[in-house]
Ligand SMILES: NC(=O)c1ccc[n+]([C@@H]2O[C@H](COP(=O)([O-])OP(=O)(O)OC[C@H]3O[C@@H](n4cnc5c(N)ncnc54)[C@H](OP(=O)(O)O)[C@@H]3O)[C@@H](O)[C@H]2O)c1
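For reference, the chain that follows is the form predicted on its own, supplied as structure tokens.
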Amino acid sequence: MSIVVTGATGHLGRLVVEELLARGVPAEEIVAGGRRVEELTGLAGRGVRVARIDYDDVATLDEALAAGDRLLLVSGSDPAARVQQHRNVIEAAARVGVALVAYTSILRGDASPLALAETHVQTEADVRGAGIPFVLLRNGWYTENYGQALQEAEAAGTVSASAGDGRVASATRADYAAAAAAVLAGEGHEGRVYELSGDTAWSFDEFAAAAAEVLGREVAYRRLTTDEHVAGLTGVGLDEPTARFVAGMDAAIAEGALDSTTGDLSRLAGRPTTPLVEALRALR
């Protein structure tokens, strides 16, 4: 039995591999997969097996997976291609007899107003229909998503958003990686759906206060309407569809899309999630 981690050249997948090693999983029992195997040489040097895994290349999937493996399917980065890419992986896992598939979905899944949710909901359905034991890791927002907001705070003393009084229960990628590793290395998770989010849901006023503490300067939350947000984004070079997509995420936050604090993440990780100020300090 091996633990296969896809997307190991990305931020989350790499952290999951590191967390598995830290938890004492033997390196030879871990397979780190990614399209660019040359970026995995550091892990290979530590005894981790590496494999080329390309969601668009079915041959790489059949070669990397084996009967009895536990697989972490890290969601693809291209929403337009994601459903078919994930389906390729799920079908390969069923073909070779993988023992468990853990999929990184989105917080609250089919109840989420986020535009990103649709593709995740389809993959969840595909996983459920494949006849393979599964775990759904419904990840909330990464605090790292707000690196640009921290830069704005440092440069201008403002944090601009159209999220109103909405709250975000964010956590760091390392927090989510710890939970994923606990599932992959543990027992008794089959069939579970985990709603993963930070222990505390913060407002953008609170984000501004946290940024002020980290930066040592005054920071204010600049409240925008959706149209003002779109205009500001297009004004700095984003095309309008992308700008509306980004502003739409804030609109969903205003509706409560990311404010859930279930405690699942800290329970799986075995520790509290990283506080906002600490995460922003690390980002800086």
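Numbering starts at 1 and follows the sequence shown. All values reported here derive from a predicted model rather than from experimental measurement.
Beyond the structure shown, there is the form predicted in complex with the ligand, which is absent from this document and is the topic of what follows.
Taking non-hydrogen atoms only, residue 62 never approaches the ligand to within 4.5 angstroms in the model of the complex. Though the partner is left out of this view, residue 122 does not reach within 4.5 Å of the ligand in the model of the complex, counting heavy atoms only. Using a 4.5 angstroms limit between non-hydrogen atoms, residue 56 touches the ligand in the model of the complex. Residue contact with the ligand in the model of the complex: residue 172 places no heavy atom within 4.5 Å of it. The stretch from 209 to 217, 134 to 142, 184 to 192, 158 to 166 that comes within 4.5 Å of the ligand in the model of the complex, counting heavy atoms only, is 134 to 142. Taking a 4.5 Å heavy atom cutoff to the ligand in the model of the complex, the contact residue among 90, 153, 74, 180 is 74. Residues 34, 35, 36 of 31 to 46 are found to place at least one heavy atom within 4.5 Å of the ligand in the model of the complex.
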